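Form predicted on its own, single chain, as structure tokens, below.
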Amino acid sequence: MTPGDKKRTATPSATEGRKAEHVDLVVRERVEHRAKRTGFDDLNFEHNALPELHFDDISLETTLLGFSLKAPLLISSMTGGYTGAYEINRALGRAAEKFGLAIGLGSGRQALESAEQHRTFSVVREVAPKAFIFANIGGVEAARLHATGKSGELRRLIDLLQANALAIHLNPVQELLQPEGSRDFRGVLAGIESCVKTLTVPIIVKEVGSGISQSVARRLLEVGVRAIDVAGAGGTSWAGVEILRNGIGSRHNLEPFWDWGIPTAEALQQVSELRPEFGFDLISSGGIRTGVDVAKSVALGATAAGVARPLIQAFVEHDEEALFALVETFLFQLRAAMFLTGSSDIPALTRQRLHPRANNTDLS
């Protein structure tokens, strides 16, 4: 049996239903980690009372995998492959184009299997002709394609979406708890290495909310991965999403896994230690909720920080105007954090140091 070749209970229509259910739960329910936080609140910048800067002159420009961005903010992978995803991805793509941001798409496995929902993915390039876009496939799927000699199939996905890079997501916790998920993660690293060797676009490897440790990052970098998105714990818990889908009273008690994972700031600190050795791009995601979180991520070594759930909520619960306004808020807060630390540009922000938050709140 090759990796991922387990009996699947999901038909294409069931897959679409699952994708729609995922987005609905993420938007409507409290699915963030419960007891575990990102760790950003425990770290503070040193306030600079004499910044000697004009706020409007501060530059947010940066590069990701050699592609110029107007800010180190990334719209993280979330959805695609069902009817309702078209409008969501269209709005997110318009935001990426308007603000000069990078954007990731949801898992493209269904786009490889059927042409029916292609436009729910391809609409992003239609509305964002200049944006840095990355396609997305699961690690288990990459392993299956490698084991069957079909890694080249991913070229079709990249061409379809006119993507600048491919992200391969690692989600063992989600797959383990998902009723129709795969529990066979054999050969995933070999599948990733095959993608590195056979595809002409750079490969990003990302978690989905449980974090990537330094030891796992090293294994990925050694096979040629160009960027790592730690996607740590503290934001959306995909274990929590699957627990809700299973039902709280499921046969196995899954509750202990709701908070499973490495907090985002901790994962970021671990993996950033490898940057001098491997020279890769590092993405921070998982519970990024303010522009100050973005600034702290950059100070901890991130090239960019990814946001998903708040942006989708803004659009689904309100409208595109609310989505744009939220992106503007993130960018204002990032610029403000830079102003208050005396950082005129992103390289200057990378030189700022974060300090553990003092526990002593006695003002007497």
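Residue numbers run from 1 along the displayed sequence. Source: prediction; values computed, not measured.
Just so you know, the form predicted in complex with a small molecule exists too; it's not on screen, but the next bit is about it.
Though the partner is left out of this view, Ile346 does not reach within 4.5 Å of the small molecule in the predicted bound form, counting heavy atoms only.
Contact check for Glu207: a non-hydrogen atom falls within 4.5 Å of the small molecule in the predicted bound form. Shown alone here, His169 lies within 4.5 Å of the small molecule in the predicted bound form, counting heavy atoms only. In the predicted bound form, the small molecule sits within 4.5 Å of a heavy atom belonging to Pro310. A single residue from the set Arg289, Arg245, Arg90, Arg226 has any heavy atom within 4.5 angstroms of the small molecule in the predicted bound form; that residue is Arg289. When the small molecule is considered in the predicted bound form, only one residue from Leu154, Met78, Ile283, Ala239 comes within 4.5 Å through any heavy atom, namely Met78.
Proximity to the small molecule in the predicted bound form, taken as heavy atoms within 4.5 Å, picks out 228 to 236 from the listed stretches 228 to 236, 190 to 198, 141 to 149, 270 to 278.
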